[in-house]
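Take a look at this single chain, the form predicted on its own, given in structure tokens.
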């Protein structure tokens, strides 16, 4: 008989809707409760998804009947919440980043005992999976170089109305840790183990509103000798699809959001198309796939493959980029 997981979600902001929607479709999940410090927000989600609510997430630490907790809170809360819940024997799935600081992520890993998962849903995109297979199967010959570009838009209100974005103490950074982290994670997923980075960050537009960066670029060196360039900004006029390009000996693969193009001998064709639509299309369509896979791992009593050890390298990368920028683009080991 299939185990039913009693589940709760902490944080009822925008991303929680994606988690709650996915959970509502799963036969082996019983959504027990949602939590948020804003009672009206918690109540609204509870009514929409027919569960209890609370403004005190620590109730879940003390409740022996709750098996899994989803953390959808501001970055700086991921570590203290996750550690308390893991120590109480819960399985925890946290939104990215794993934490706002590397030392906090390391503490989470130390307490995880195979029960921690981190949301990097874009690894599950069909385009990402096709790229990964092409690398592993040597479809286009040797991988020569990679690049990524994130050109998005964030208003002053996005920061001023949140209560936590735009400050290092609570967000842990800016465009790199909040918007481009998924794309930076894909570069590592494709290229392998990074060994160093050189980079620069700046606040080009909202310098009088935020203390974190709205623009960053860098060059990553990998253990296998590969180089990857990245550029990301929140100063573009609209949210444009993320671009990732991989140049091989015998061809080029390029993503435009979740659409994947192949260029071989000067001919370009579409390998798969994006299913993402709507205002939040840049989140992608793979949250539900990841969440189902997380519960599959839980049902089988094994660790989830995107765990703390898998999620921490990209946090180390972006923190090292800040350090590099502070030293005028000096090379920083990872």
Ligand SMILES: NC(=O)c1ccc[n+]([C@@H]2O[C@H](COP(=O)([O-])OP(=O)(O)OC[C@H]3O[C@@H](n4cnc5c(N)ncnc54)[C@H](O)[C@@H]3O)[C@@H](O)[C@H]2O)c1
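Positions refer to the first chain, counted from 1. Because the structure is predicted, anything quoted here is derived from the model rather than measured.
The same protein also has a form predicted together with the ligand, omitted here; what follows describes it.
Asker: Work out which of 259, 121, 183, 107 lies within 4.5 Å of the ligand in the predicted bound form, going by heavy atoms.
Answerer: If I apply the 4.5 Å criterion carefully, the residue I get is 121.
Asker: Could you spot which one of 100, 125, 234, 73 gets a heavy atom to within 4.5 Å of the ligand in the predicted bound form?
Answerer: It is 73 that has a heavy atom within 4.5 Å of the partner.
Asker: On the criterion of a non-hydrogen atom at 4.5 angstroms or closer, are 13, 57 and 81 all touching the ligand in the predicted bound form?
Answerer: Looking in the predicted bound form, the three residues 13, 57 and 81 all sit within 4.5 Å of the ligand (heavy atoms).
Asker: Would you classify residue 69 as touching the ligand in the predicted bound form, given a 4.5 Å non-hydrogen atom cut-off?
Answerer: No, residue 69 is distant from the partner.
Asker: Does residue 143 make contact with the ligand in the predicted bound form, using a 4.5 Å heavy atom cut-off?
Answerer: Result no; residue 143 lies far from the ligand in the predicted bound form.
Asker: Would you check, heavy atoms only and a 4.5 Å threshold, whether residue 38 touches the ligand in the predicted bound form?
Answerer: Heavy-atom contact with the ligand at 4.5 Å: present for residue 38.
Asker: Quick one: is residue 77 in contact with the ligand in the predicted bound form, heavy atoms, 4.5 Å cut-off?
Answerer: Yes.
Asker: From the candidate stretches 186 to 194, 113 to 121, 128 to 136, 206 to 214, select the single one in contact with the ligand in the predicted bound form, where contact means a heavy atom within 4.5 Å.
Answerer: Only one stretch passes the 4.5 Å heavy-atom test: 113 to 121.
Asker: Just give me the residues of 155 to 170, first to last, that have a heavy atom within 4.5 Å of the ligand in the predicted bound form.
Answerer: The stretch touches the partner through 162, 164, 165.
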